Every structure is written in structure tokens, then in C-alpha cells.
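Single chain ahead, by itself, as C-alpha cells, in the form predicted alone.
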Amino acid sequence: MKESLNAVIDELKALRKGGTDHVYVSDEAMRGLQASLASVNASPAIDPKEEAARALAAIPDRIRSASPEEFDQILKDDPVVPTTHKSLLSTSPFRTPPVVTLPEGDKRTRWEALKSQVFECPVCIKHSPERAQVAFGFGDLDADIFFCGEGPGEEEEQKGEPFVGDAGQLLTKMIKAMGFDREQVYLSNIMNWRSLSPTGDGKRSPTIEEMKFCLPYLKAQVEIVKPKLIVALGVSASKGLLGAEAFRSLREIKGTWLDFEGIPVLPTYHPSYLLRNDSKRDKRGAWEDLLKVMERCEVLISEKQRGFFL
């Protein structure tokens, strides 16, 4: 048993070195790994939960982010795909994204119907942390500017509104510097829940598979609002909108106009990144991206705004 388990661990560790850093682990798979690890290594210095998380930290991107149809094709083309990958993905609740059908009616009617579907989504409810609210968008349904972030934090889960924590306060300051009130734009996230680490003691970046599951809900919000443009805040939002393979580093595409469902998208830094990194260059770069947004929306820019610094 120990030799077999070590072989699996060695293989997954090697795959992790290839660049994959997240993987969905079902509760059943985690319990099995914990039991196996506990049985072969009784040392109190090793936390089985942490060891299991490290061992399963890497399934190749092409497999982890595959749709059900793509995964089935991978199995046909590559019959030696490890059994571990097959079992994890075949039991993943994220393999089948929700189907969203918006009702007839005005924007508010359609938005309320969509909000109800998100709040009643069993996958969103199951994966939201205990005592947390499923997250949804907020703002003007006729907004020209649609800000898209990664996912809710603890403050957002409690209030049920995106961008209300420290990063949200900075974003609100940036929006005001653009000449808008928070209520005049639309704010949302790729994710409808806060992705927790395998040990449950901290937030992690969402996997591509998780973002693919939530994407239909975001698309429906975009369809309702019909903004002139989308501002993608951070790496996860940009990958969720543009695709996992769209870029390696956010700096490659930051400040460049791209496309999502026929709508211009401008990737830039997430406010939380700007709070963590006291870089004048990055702060000025983020503001210059917002100046591009204002120009695209044909908003008059004053000299004070051009010289503004976060």
C-alpha cells in the first residue's frame, strides 16, 4: 500500500512542477487519501490532510479544465491517462455547468430571476463556506462599465454584495476618481463562492473547472446589462473570461483590449494586488488602464484626472 501511494504522490508532484497549482478534490477522494496516509505513516509530525493536499496539487491543465466532451475525447486519444485523474474528474460536481434560460421581461425581471437561480444553485450552496451567502452582482443594470473580479471574500459573503472589503473600498475610490458613483457601474465576480484551500483554513485561487462552472451565470449578467465594456480585475477574472491558455502572466495582456462574447475586455490589476504591492508603477499602470476605459466610453477626462495617482 505504501509503495503504491508513494508512486501516485511522486507522479502528481512531478506534474505539479509542470505548472499546475490547483485541483478539485471530492470529499470521498480526500477521505480515502487521508485514511491511506494515516495507515502507512503514523508519525504525529505529518498532517494527513496537508499531505493529501500536496499530493493532489497537480493534474495537468488540459485535463483539469476540460469539458465533459473534451475529457471523453482525451480518454479516447490517451488511454494511459492516470486512473487518479479519471476518478477525480468523473466525480467532479463542476463537470456539467448550469444551463441558464432568462425569462421574458425587462432587465430587472430577468436579473431577479437569474439571482434566484444562482441563490438556489445546489453546487454554489454546497461549496460556499459555512454561514456564507452565495454571491451575486450589484449595480446599475444599464451600466456602460462592467467590473469583473475573482470571487467574494468574507465581507462580501456576509453582506451579499461584491467588493465591500478593503479591496472594494479601493475600487470604489478608483470608480469615484473616474467620475462615477459605485451605483452607476456594475460589479460582479467570476465565482459565486469563496474558494477555500484543501485544508479549509484560507482562500485560494479558483480552479479553471470551478470558473467554467460559474461562467454561465456571469454570461447571463453580461447579457442582461449589455455593457459597452468589461474591466477584468486580476488573473482569475481574466482567465475566466478569456480562457486558461490566453496568457501566462497578466502583464502580457494588461491594458490590452481583448474580447468576450463580442464585448471589449480590458484586463488590469485587481485592487487587492495593489493593496499588497506598494508599487508606484503598478498603481499608476492600473489608473492608466481606467483612463483607457473612460476614453472608450467617451467620458470627458480632466487634467486633474489624467494626473491622478492611486
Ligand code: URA
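Residue numbers run from 1 along the displayed sequence. Keep in mind that what you see is a predicted model, and the values were worked out from it rather than measured.
What comes next is about the form predicted in complex with uracil (URA), which does not appear here.
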query: Interface stretch in the model of the complex with uracil (URA) - options 214-222, 113-121, 157-165, 138-146, non-hydrogen atom within 4.5 Å; finding: 157-165
query: Exercise: residue 206 in contact with uracil (URA) in the model of the complex, heavy atom 4.5 Å; finding: no
query: 4.5 Å heavy atom contact, residue 227 and uracil (URA) in the model of the complex; finding: no
query: 4.5 angstroms heavy atom contact with uracil (URA) in the model of the complex for residue 152; finding: yes
query: Sequence-ordered list of residues in 250-276 near uracil (URA) in the model of the complex, where near means a heavy atom within 4.5 Å; finding: 270
